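Taking the form predicted on its own, here's one chain by itself in structure tokens.
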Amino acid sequence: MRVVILPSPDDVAEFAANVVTAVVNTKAKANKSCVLGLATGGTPMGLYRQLVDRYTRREISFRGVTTFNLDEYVGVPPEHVQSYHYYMQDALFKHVDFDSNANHIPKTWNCDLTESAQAYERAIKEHGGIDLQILGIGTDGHIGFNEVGSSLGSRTRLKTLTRRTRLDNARFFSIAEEVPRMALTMGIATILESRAILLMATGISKASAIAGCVEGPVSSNNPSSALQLNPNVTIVLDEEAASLLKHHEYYRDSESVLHSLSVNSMKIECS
């Protein structure tokens, strides 16, 4: 697990954009399809702004790129301003050059939710799996909507949101009572099958969850700790999110060595 500590949220967004750009462009040069796993929430917004800017400057194209989002609320129609369908269209999709039907978000409206979850798993496999999965992290360590207690072997499924998650997300709604109680989410096992994973976290509210993710035991009490089981994970943090890490100095020393050797420890596969 590579841990990168940067001064500010803007630096975190730029680092993440550099990783996404490298993966997409490497795949394009090899004439290979590219599959990205995408996240929503406050933290990835800076990444998406960076990607739109880079597309405008012709530094990246999303032709031939397929995306799968982590999750979607249940009971919220796609056109609702707080749906993740709406979020992704507004933040990224409508501003760049994805092929039609390239963007996948779990279907949760007017459908059989069990079949929708199974179909999502099938679609990911049919596209060859996820090359790079972008993640945020909840204040309790959840990734996607895999809440505390989620099975580390879980697949895409229906999940009830915890009260804490609903309170954390209430800032996006007019009133807290509007926050949905359920979501369809990729499972932890689904996420771990990604060939590379990049988790972004900023702010003091994420510090405890990050400490458990990076340095704690692998446990369903902190679902993000399961990322320790994937050999190609990068955690990129601002100073506040990294503030409770016990081995803070070691992570900085490791990055210094990597830079001196001109090594990027996130492997980019073109198979």
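Numbers for residues come from their place in the sequence shown, where the first is 1. Bear in mind the structure is a predicted one, so any value in this text is a computation, not a measurement.
The next section is about a form of this same protein that is not shown, the form predicted in complex with a small molecule.
> Is the small molecule close enough to 78, 109 and 185 in the predicted bound form that each of the three has a heavy atom within 4.5 Å of it?
Not one of the three qualifies.
> Indicate whether residue 46 is a 4.5 Å heavy atom neighbour of the small molecule in the predicted bound form.
No, residue 46 stays farther than 4.5 Å from the small molecule in the predicted bound form.
> Tell me, yes or no, whether residue 94 is in contact with the small molecule in the predicted bound form, where a contact means a heavy atom of each within 4.5 Å.
So residue 94 does not count as contacting the small molecule.
> Taking the shortest heavy atom distance, is residue 137 within 4.5 Å of the small molecule in the predicted bound form?
Residue-level check for residue 137: yes, a contact with the small molecule.
> So, in the predicted bound form, is residue 64 in contact with the small molecule at a 4.5 angstroms heavy atom limit?
Flag for residue 64 set to no.
> Looking at heavy atoms inside 4.5 Å, which stretch does the small molecule contact in the predicted bound form, given the options 50-58, 223-231, 240-248, 34-42?
In short, 34-42.
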